[in-house]
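Quick setup: one chain, the form predicted on its own, written in structure tokens, and binding and motion questions come after.
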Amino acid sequence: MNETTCSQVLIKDCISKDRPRLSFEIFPPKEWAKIEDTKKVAKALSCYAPSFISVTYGAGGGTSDYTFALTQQIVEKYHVPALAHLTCVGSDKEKVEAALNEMQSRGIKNILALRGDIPANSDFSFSKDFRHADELMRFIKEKGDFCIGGACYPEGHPESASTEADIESLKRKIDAGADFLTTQMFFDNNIFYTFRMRMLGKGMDIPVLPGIMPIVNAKSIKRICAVNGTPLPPRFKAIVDRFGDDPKAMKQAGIAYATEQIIDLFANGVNHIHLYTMNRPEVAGAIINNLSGILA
């Protein structure tokens, strides 16, 4: 795929392909001095021919310059479609419009529009302009011809009052112009299948990308699950209990567990899966190797 073709690719078209594919998420550094390290991560991941790579966005645009620069480089230098995140936290209409103008100038056509979370011990807040992701999506739609993705939570958003409230929130995102959704990480595929059926039961037939995070470090599990409100199934808890004190074994077990999740999703007709790489291309590479026959 050449640069011109790649820059014109919309994520909604990438995920419509009728064969198993993976996409990746990376995060930019907090300091420009470390941008080269993240570029190396992006280059390494690009070698695995993902359908696209998404780049996260710090609260209030704290890493926006890095996000947009990385997204542009992934498209222009590595010839992989890319998706830039954009959040409500710390953003008003003026800031978002400036960000959209910059994205357009860089040829960025794909945006993951998120509410975002306010970092602990920070002065960030939600402005009156954007308190929810659907408000941000509507504004983006007004300002340009972007492909817009949104987030969803198979186990329910931690702040949702009920399952019904969570589904209504998703409906508002779709009505606001979301072209696809990507799930928060989960460790039990049955939760995803139930969530998808619940959406379809409400008439929401929009592409939903399962988000899979390989857990290869036992120390990170409690923090990640606490932040995202994601419970660990007994089967995965057993893996942590058995291998958590052995970093090498835990890494191998975490890769195997994520691989098994992905294979099960593919086997049940899910053709596109988004991998939260945590900027570890060697982990993504190990999973790709495990799936070499399936992704061929």
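Don't overthink the numbering: it's just position in the shown sequence, from 1. Please read these numbers as outputs of a predicted model, since none were measured by experiment.
From this point on, the text means the form predicted in complex with a small molecule, which you will not see here.
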Candidate stretches 139 to 147, 68 to 76, 212 to 220, 107 to 115 - the one whose heavy atoms come within 4.5 Å of the small molecule in the model of the complex: 107 to 115
With the partner left out of view, is residue 152 within 4.5 angstroms of the small molecule in the model of the complex by any non-hydrogen atom? yes
Partner contact for residue 189 in the model of the complex: the small molecule, 4.5 angstroms, heavy atom: no
Does any part of residue 103 reach within 4.5 Å of the small molecule in the model of the complex? Heavy atoms only, please. no
Would residue 52 show up as a contact with the small molecule in the model of the complex if we use heavy atoms at 4.5 Å? no
Does every residue of 24, 193 and 258 put a non-hydrogen atom within 4.5 angstroms of the small molecule in the model of the complex? no
